[in-house]
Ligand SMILES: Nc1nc2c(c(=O)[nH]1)N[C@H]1C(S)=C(S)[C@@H](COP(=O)(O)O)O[C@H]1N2
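Quick setup: one chain, the form predicted on its own, written in structure tokens, and binding and motion questions come after.
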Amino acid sequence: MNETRLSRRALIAGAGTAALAAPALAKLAAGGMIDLVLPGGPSLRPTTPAFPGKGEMIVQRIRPPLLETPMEVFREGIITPNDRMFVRWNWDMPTQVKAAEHRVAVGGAVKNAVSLTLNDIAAAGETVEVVAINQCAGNGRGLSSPRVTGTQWGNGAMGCAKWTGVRLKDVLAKAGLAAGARRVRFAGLDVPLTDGAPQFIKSIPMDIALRDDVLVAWGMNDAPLSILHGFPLRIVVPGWFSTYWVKMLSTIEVLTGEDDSYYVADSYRIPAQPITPETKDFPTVPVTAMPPRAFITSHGDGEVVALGKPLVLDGIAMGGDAALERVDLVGKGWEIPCTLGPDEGPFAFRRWSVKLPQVAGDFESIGVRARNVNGAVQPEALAWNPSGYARNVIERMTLRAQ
């Protein structure tokens, strides 16, 4: 087997101790600010302190770190650079991890419980690379109206990377699945900040766990995972929201029944049926697969374009849990099909573009609408929910001509 650019050998040889220095908090007062233009409340956010290994990011929270990618980063291509990829931790993360001492315990409904080293993980199966979008379930939450609880993200709690690792099913085979195995649950090294708070653990159904593209990953864009992104190992579930992409993986547990842990049974859930802000006591289902989304990245809301001249608009789009089929530029009562760029896989961003022959006047409330091969399409109206999860309404803007 040919070794990939980030090979098993590189993992074992290069994974010493990863440490995270404290960000330069003294820079906070002197740092820049960015306006996310959030409708429901304060929308100014700092772009400091600077975190190690990161370029300019929107700092939503320092501890545990919540760092948002500025939208202009998505103008550059479909792959999000490691130093600009968003960061989201629910609980406190270790600031140092010694790879030589790290173990992943595989237990529960298995034939033989095992404790695996990084070398064991890397040798569990063939090395696999998958290009996939990592998106927070609350991406775009801050744009909800009325305002909802939780981190008030703009649309930058997402990114697309090439992930390198081994298939989760090959790691599970090291222990062997016992009869009745139904779900696979993961835990990392992060710990709650307060006594009695629930540990952050997540699980996926067995049919998802056994997919060929679900990974135990050690690499991101041909580099080892940084500590902010889950060194030394993380779960990658292409097409599903990042809440399932558990970082600093330390435990894999096979379940024979449903998962009653807090972050599956009680949190990261959405209404089973459409509701209004006034609806009370409604049934819920877990947030799982991502829906399609598309964004204009070439221009910002309110930007001036040249009257009487041609106009090229472009941006990024995703199919969510299936390949992207088409993107349309939409306005008030009209739509224009867009041209799609190179295809890097069903779970990756794709560039889109459209050329308008002449700007005849203002473009009021234009947006782009994505559709995937399964027929899922972005809606015109927001499907409101009290946590702002799984937003995929058409995002609109206005361009002024002069």
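Don't overthink the numbering: it's just position in the shown sequence, from 1. This one's a predicted model, so the numbers in the text were calculated from it and none came from an experiment.
Below, we refer to the form predicted in complex with this ligand, which is not included among the displayed structures.
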> Which single stretch, out of 81 to 89, 99 to 107, 269 to 277, 293 to 301, brings residue heavy atoms within 4.5 Å of this ligand in the predicted complex?
Replying inline: 81 to 89
> Quick one: does Asp190 come within 4.5 Å of this ligand in the predicted complex, counting heavy atoms only?
Replying inline: yes
> Does any heavy atom of Asn134 come within 4.5 Å of a heavy atom of this ligand in the predicted complex?
Replying inline: yes
> Would Leu228 count as touching this ligand in the predicted complex under a 4.5 Å heavy atom rule?
Replying inline: yes
>> Please tell me whether any heavy atom belonging to Trp245 falls inside 4.5 Å of a heavy atom of this ligand, as the geometry stands in the predicted complex.
In response: yes
